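Let us start with two forms of the same protein chain, each given on its own as structure tokens and named structure 1 and structure 2.
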Structure 1
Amino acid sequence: MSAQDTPSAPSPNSSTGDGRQTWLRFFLSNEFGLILLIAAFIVIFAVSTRGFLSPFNLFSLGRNSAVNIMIGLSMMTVIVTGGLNLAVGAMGVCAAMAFGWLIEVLGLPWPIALLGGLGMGAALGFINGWTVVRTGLHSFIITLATMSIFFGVMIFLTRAESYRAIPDVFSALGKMKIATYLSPLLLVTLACALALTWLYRFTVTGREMLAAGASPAAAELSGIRVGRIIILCHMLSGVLAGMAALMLVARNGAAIPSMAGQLGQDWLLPAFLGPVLGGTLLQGGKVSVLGTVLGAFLVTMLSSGLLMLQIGAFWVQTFLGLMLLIAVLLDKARRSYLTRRNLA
């Protein structure tokens, strides 16, 4: 056996260096930074506001976080391919209105109507993905257009009227409390986050989604049908947007056309903040489900705490917009540092 073939034992210094790099990479990660920010703001709001840690506020915080996290996950599934979905809010509202229509007009049981609402979200996602693939245009342009189209058609078909004949058993999910503090809606969201983590880490389809986002040309050469993957990602985004809207239906006890604002625009800021704060690359190819969950929770907690400090809602929106801009700039600087240190 030649010297080149002889295995050499790793030196203690090399293992120590690898360990230090691992810890340094962890301390520079988005997830660790978000955990520190969440802990810091919990202390700040607990000291400066009255009732921030009360059972009622903690329950409300968890219930609101469930919706915002689901919105962030919906956007994340498209960002992973390097795309964007500006129609998240419009798709969610359409899914919720389809759910209400199936119950109130057709008289279907709510579990079947629930599947129908999620199917509507998937169908609208298919339209977005298919159009992106067929036209070759960036999903920003396509979803900007479909945001208005979906919302406008929904308003025309429903005459902008709400569906309020929601079964009590479904509405009870939005008001139910587990151990005083916990909303079942948050458990549903966390279950979806775990399912997405499993998808991206342990399934072929999930790895193909990441590969298609990292380098579409290389993915095509390796046999991945990138167009099919893009459509699947948009359909998954539609399903998750529908789930977020159905959570709002359970909380409000009605399917309301304005639940996501005009054209669904009220969802856009939370949709971007969660993934961007969490470390999902806007260029595609990398995803952080845990980071998205932590980022969306931080945004919800900040909104709640600032409102409890009696800061105007317009200033809260301004602060969140600045936070999105700062997060993008800091993430760019962090990645440049990791690249220079060969830690990326």
Structure 2
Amino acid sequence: MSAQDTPSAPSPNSSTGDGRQTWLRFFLSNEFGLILLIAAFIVIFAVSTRGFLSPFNLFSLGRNSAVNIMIGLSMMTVIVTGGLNLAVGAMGVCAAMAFGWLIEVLGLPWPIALLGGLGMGAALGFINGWTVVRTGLHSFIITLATMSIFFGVMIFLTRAESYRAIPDVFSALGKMKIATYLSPLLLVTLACALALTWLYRFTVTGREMLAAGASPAAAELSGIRVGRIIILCHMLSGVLAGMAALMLVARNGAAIPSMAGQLGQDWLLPAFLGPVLGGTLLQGGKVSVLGTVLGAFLVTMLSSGLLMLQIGAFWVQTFLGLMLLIAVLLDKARRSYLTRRNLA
């Protein structure tokens, strides 16, 4: 059963069965559950806090979730292959610092520096992917080591100093408000999510990525160059991590080495929360871009709402951890229900 549906993207519309079955499937899907949860929490927060739906809060919510969704997407592209990428944070910070360096030290115009930053992300992703493919070791241990190496080299080269000479045009992106409440950063993220959906749904490369994650041996036998695909996934992850970090640069107006915490570890939890809540299987081969977007948005909204409820900033992390736990448990229960009813 699972072998049957692994190659196909989980989507309410992709099934060719009759309409009722499709709708039933959608109501039982992870994405629908997330939409319900998001709607429920919006109501709860709107009633119990003041100013949750104010334009300013919506703006900051959109801006924060833009970054968190991007971090989740970055992890998702590697999870698709059945791997993990612990170096997401370290790669992101390296890309941001490369961007800052190109502008401040080399004096390049920011669009070229932007490409340079993303190129840095892709290059680091290539190193990860190449090492994983060449050594045949699990990406957990490789990216654990490279996370330490990337971050260490970055801190060594920058002397832990920030680059503050970010052009106003670029940092204006972080402050700009469309129709008083929408951040352009969120639009960038949603465009990326749409592009990824298109990649996994309609392109040969995207299908090959899913196949390589579902069963590397089978993919290899059907003529897919699995090694190359895995390297590509890691590079994609690097570019997306770079995007997330550059958005933070736009928001802060500076490229700061500590913006993802020690070794970039602060990004680990948001990176996994999005995809895992969104129903992307850690074993690989199955992906839900919409789920990741919704999952990361839910997490951002919850942290913001909990802060506004004044539960205490220090407890938010505990809630996020509990949420991850509850989410995986619910997903497990839903799956076993679907299996029993022969719906999955």
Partner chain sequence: MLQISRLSRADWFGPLLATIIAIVLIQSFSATFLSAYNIEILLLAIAVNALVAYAQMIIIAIGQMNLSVGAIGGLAAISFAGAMEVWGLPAPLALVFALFIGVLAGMVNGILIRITGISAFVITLATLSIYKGINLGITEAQPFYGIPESVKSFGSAILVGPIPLLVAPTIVVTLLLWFMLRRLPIGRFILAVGSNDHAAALSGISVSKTVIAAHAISGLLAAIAGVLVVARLQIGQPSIGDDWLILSFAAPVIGGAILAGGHVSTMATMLGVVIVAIITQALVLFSIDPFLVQVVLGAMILAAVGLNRLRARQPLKGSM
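Residues are numbered by position in structure 1's sequence, first residue being 1. Rigid core: the largest C-alpha set superposing within 1.5 Å between the two forms. Keep in mind the model is a prediction, meaning the values are calculated, not measured.
Comparing the two isolated copies of the chain, the second one is the form predicted in complex with its partner chain.
Core-superposed comparison between structures 1 and 2: the C-alpha position of residue 40 differs by less than 2 Å.
A C-alpha shift of 2.9 Å is found for residue 313 between structures 1 and 2, based on superposition of the rigid core.
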